[in-house]
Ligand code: HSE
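Shown here is one chain on its own, the form predicted on its own, set out as structure tokens.
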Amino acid sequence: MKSCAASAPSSTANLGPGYDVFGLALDALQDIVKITKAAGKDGRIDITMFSDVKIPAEAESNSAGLVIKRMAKEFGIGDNLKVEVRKGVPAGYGMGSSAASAAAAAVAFNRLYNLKIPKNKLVEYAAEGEIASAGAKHYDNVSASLLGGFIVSSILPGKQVPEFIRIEPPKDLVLVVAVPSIPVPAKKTEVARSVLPKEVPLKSVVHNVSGASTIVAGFALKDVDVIARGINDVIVEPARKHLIPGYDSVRSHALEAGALAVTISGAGPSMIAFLKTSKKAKKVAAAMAAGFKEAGVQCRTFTCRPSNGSRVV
């Protein structure tokens, strides 16, 4: 039977002030989705999950399944399909887990049926998968996971879907991600959004716009120091940090150990440090682990670099 598999990397979103706009693909971990044509044309999608945690396998509640359903409907494909999802990205920890499965599913389906969909359009299909975890489409993680590199989701007036601007990251950018071993709610993203302020002072908006602009300039200039100078969010991060035990200790320890900047990865609870070269990566990783330990929390750390995005495997 004909089949196709694709992998998609983990990602981080926001990068401090770039809430819902910035995404960065990370080569730390990956998801693999394999789609196989099965006998019959009832449009049935059978999903098998290979994961350390329980994730719904029904197509209507699964990020890969939602993507495949949408694409099959839009292209009039009624084949029965068997789908295998191998989870490498931990679900619910701010590393783009649902986005990785969704991106891999879109790439695999596109190749299986030789649809030749442009990558930017594939991001729109992949965003369908975010409904499973976040209750709505979000483009920051899926755009990064599918396209790779640093992505700006450009939301233009009158457009229903953002346009995606990809910038190749600096070669010497190194990231350290600390993933705390704490329970997270099933709809963690919704919870993380629920604590955000409804109104913010104009001076805070100006601060974040300045920081976000500095980050984009840093990526364009291929300058890690400039990127790091922009990573200082005064709107979203202060509202969310209480959801992460040890946040202040992790951040301060990482900076003392040589990190150029530290922020929450996506909606958390993982935290991510930005470094120039890997020289201090081990020291920063140990410092972040020590910060979580002070709060009575164990964590895993990953030293990684930006990823090139999804690919057929």
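Because the structure is predicted, anything quoted here is derived from the model rather than measured. Sequential numbering from 1, following the sequence displayed.
Form predicted in complex with the named molecule: not shown, discussed below.
S.K.: If you check 260, 257, 59, 267 against the named molecule in the predicted bound form, which one has a heavy atom within 4.5 Å?
M.R.: Only one listed residue qualifies here, and that residue is 267.
S.K.: Heavy atom within 4.5 Å of the named molecule in the predicted bound form: which of 208, 153, 189, 110 fits that? Just give me the one.
M.R.: Checking each option against the named molecule in the predicted bound form, the one that comes within 4.5 Å is 189.
S.K.: Report yes if all three of 19, 138 and 240 come within 4.5 Å of the named molecule in the predicted bound form by some heavy atom, otherwise no.
M.R.: Every listed residue reaches the named molecule in the predicted bound form, so yes.
S.K.: Given a 4.5 Å cut-off on heavy atoms, tell me which of 170 to 178, 218 to 226, 138 to 146, 198 to 206 is the interface stretch with the named molecule in the predicted bound form.
M.R.: After filtering at 4.5 Å, what remains is 138 to 146.
S.K.: Using the partner position in the predicted bound form, report whether residue 166 sits within 4.5 Å of the named molecule, counting heavy atoms only.
M.R.: No, residue 166 is distant from the partner.
S.K.: Under a 4.5 Å heavy atom criterion, is residue 10 part of the interface with the named molecule in the predicted bound form?
M.R.: Although the named molecule is absent here, residue 10 would stay clear of it in the predicted bound form, with no heavy atoms inside 4.5 Å.
S.K.: Residue 193 versus the named molecule, in the predicted bound form: is there a non-hydrogen atom within 4.5 Å?
M.R.: Taking the distances in the predicted bound form, the answer for residue 193 is yes, it comes within 4.5 Å of the named molecule.
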